[in-house]
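In structure tokens, the next block holds one chain alone, the form predicted alone.
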């Protein structure tokens, strides 16, 4: 459903709601914006776009093609903004003339299809998850898994590993987590695309979810909104405090609580394996990418107006899908960073209202 989300809202953009004060009386201009990239935030971007269509007539076309595709398209200047769960490092941003900012926080969740096993019944440590994805643990009744899950009737069933086949920020978060908790994972490494030792690939979060749903004995990883929407059974993961926690908006927020974004140049910050008794260990932000120099000021303004409106009025939609809205102080930092996005005249394309 979300493999290629295209939100085509064809009414014109009511720019009077988002212009700079000096442009407040400017007439509406039929501006449409195009974005592409991460499937991680796609369900939420669809909700935000729907709400803004009703309020402003905003026209948004977003294609959920994976973070790798989003980075490629924004660098190629074929979209107004790219979307990625893998943040670019400051030097990468500078080289490409880009600025990035987080838009929402969520969690990557291992999901399983094991007959007779409900969500939250299985507990896994990071090293155990790494062994599964390395192909070292081949059956669900492996002695190590049985010992870690007393009282759970794990079947004598082969484990089918499902992973992403495309360049994926979700994979980046997942493999970065495994790198942090399991030294043996170093043979694979952390990236948006890796050489998987075993398993089969699905395109997008929805592709992985679909393979897991139709394959008994399988395990995959998806952004939590996809697990929730598809009623998938999740596992509990052990966090640095030694607790086996459930993936919830609360546990994602607990992981984000210790983040100091003010000390993160270019907003490059990972929330993986964060401290906190209730913190979910595979938590991450998703990011928007834009060019600092906008060839068309109206388009740049429209993109920032979209995210400004989402920050002001989109928290309820985020909460409903179990994402974590950004805190107010971080939103203020982000809005301040937008002054670096300028039009052909060298002036900022968008100035948020107080």
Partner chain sequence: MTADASVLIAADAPRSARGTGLDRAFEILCFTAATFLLAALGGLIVSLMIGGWPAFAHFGIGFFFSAEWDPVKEIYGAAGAVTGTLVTATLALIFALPLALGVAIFLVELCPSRLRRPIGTAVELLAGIPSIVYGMWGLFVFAPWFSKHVQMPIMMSAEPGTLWETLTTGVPNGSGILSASLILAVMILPFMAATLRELFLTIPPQVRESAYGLGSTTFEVIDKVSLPYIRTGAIGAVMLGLGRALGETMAVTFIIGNSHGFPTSMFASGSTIASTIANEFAEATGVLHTSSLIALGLVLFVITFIVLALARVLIGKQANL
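Numbering follows the first chain given and starts at 1. As the structure is a computational prediction, the values presented were derived from the model and not from experiment.
Below, we refer to the form predicted in complex with its partner chain, which is not included among the displayed structures.
Asks: Within 4.5 Å of its partner chain in the model of the complex, counting heavy atoms only, one of 159 to 167, 244 to 252, 258 to 266, 131 to 139 shows up; tell me which.
Replies: Result of the contact check: 159 to 167.
Asks: Looking at 199, 119, 127, 276, which is the one with a non-hydrogen atom within 4.5 Å of its partner chain in the model of the complex?
Replies: Residue within 4.5 Å of the partner: 199.
Asks: Using heavy atoms and a 4.5 Å limit, would one call residue 41 a contact residue for its partner chain in the model of the complex?
Replies: It does not: once its partner chain is placed as it appears in the model of the complex, residue 41 has no heavy atom within 4.5 Å of it.
Asks: Tell me, yes or no, whether residue 65 is in contact with its partner chain in the model of the complex, where a contact means a heavy atom of each within 4.5 Å.
Replies: Because a heavy atom of residue 65 falls inside 4.5 Å of its partner chain in the model of the complex, the answer is yes.
Asks: Counting only non-hydrogen atoms and a 4.5 angstroms cut-off, does residue 123 reach its partner chain in the model of the complex?
Replies: Residue 123: no, not in contact with its partner chain in the model of the complex.
Asks: Is residue 69 close enough to its partner chain in the model of the complex to count, meaning some heavy atom within 4.5 Å?
Replies: Residue-level check for residue 69: yes, a contact with its partner chain.
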